[in-house]
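Coming up is one lone chain in structure tokens, specifically the form predicted on its own.
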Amino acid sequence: MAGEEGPELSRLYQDFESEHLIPLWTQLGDLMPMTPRPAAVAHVWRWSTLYPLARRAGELVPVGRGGERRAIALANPGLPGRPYASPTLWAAIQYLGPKETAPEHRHSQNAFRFVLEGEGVWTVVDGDPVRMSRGDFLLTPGWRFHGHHNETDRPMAWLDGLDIPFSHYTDAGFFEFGADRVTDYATPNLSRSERLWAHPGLRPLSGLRDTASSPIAAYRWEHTDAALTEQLLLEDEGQPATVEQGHAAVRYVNPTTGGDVMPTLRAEFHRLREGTEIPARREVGSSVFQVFEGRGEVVLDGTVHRLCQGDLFVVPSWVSWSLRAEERFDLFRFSDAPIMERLRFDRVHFEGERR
């Protein structure tokens, strides 16, 4: 549709440019490709490299008002200059040294923490102290004041996940400083939100109004582990409990709606038996995985990557991926699926199926 080149057409394009106009017919292939063509690329970050770098940052970079957090973002090589794992997801390793406190602040972006290892840190969310322990999944929904304090003589690092890129792109972000310290230095085993809400199948009558984000501050590892263990035991008994043979999985949910824990982020945990393979697929939307335990492989767009504890990888939109477990393989996953599903952009294609 470009038309024959000539002085009149050239002048037309110049006039378009001077009036800040761009004709669709010169852009259609980029704006509306036949399938998604993400700029972000599949990539693997090694825990064996990440943690020593975080430790060095802990020795050299103070945490406190101004910098706020000692968080090191995963920067996708396909998005140069951006601290984004994907165009919608932000993931970082946050490191808190012995006896350190990260001051309180709040932001409209939704956030969570996932703890690979360690004990002794509490995050305080709107004045509620929440213990952080190995395997726990902890929420900080948007616009909640939060800070962290380490009560031990040992450092601790964890995975942060947020919807910062999506919020930034849509110009939806707000930020506000809070107290220079945390508002409550108590160290309870269970937060107040857990004591009220974290009882299976039971909802307090004082909380019958649905909430946009889950009211549960921490989803504890012992419950996640038990749920996955029972799925595989039921599979052994011939019951239909797993996603597919040898693949147990759970989704963290908001108990007031049964939906995702936060409006923009989905979180899941997957366990594969030794030798289990997940068939290759492509999905609209992006995901970040972290290996919690075990060893295995991920195949990203045909390239095989061996994985071990702590390793992270990103799967951009419509990039083919599959998994294989060399031994029992536990993985935490978060994604932008709630956004894609709400906008009706979601689509999954399994390799080998006809489109």
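Owing to the predicted nature of the structure, the values given are computational and were not obtained by experimental measurement. Start at 1 and count along the sequence shown; that's the residue number.
The next section is about a form of this same protein that is not shown, the form predicted together with another copy of the chain.
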Can you pick the stretch from 271-279, 148-156, 113-121, 240-248 whose heavy atoms fall within 4.5 Å of another copy of the chain in the predicted bound form?
240-248
Is it the case that Cys308, even though its partner is missing from this view, gets within 4.5 Å of another copy of the chain in the predicted bound form, heavy atoms only?
no
Contact label in the predicted bound form: Trp318 to another copy of the chain, heavy atom within 4.5 Å:
yes
Even though another copy of the chain is not shown here, does Gly294 get within 4.5 Å of it in the predicted bound form, heavy atoms only?
no
Test of understanding: in the predicted bound form, would Pro255 fall inside 4.5 Å of another copy of the chain by heavy atoms?
yes
Here the chain is shown alone; which of Arg181, Arg134, Arg203, Lys99 has a heavy atom within 4.5 Å of another copy of the chain in the predicted bound form?
Arg203
Checked 94-108 against another copy of the chain in the predicted bound form; residues with a heavy atom within 4.5 Å, sequence order, are His107, Ser108
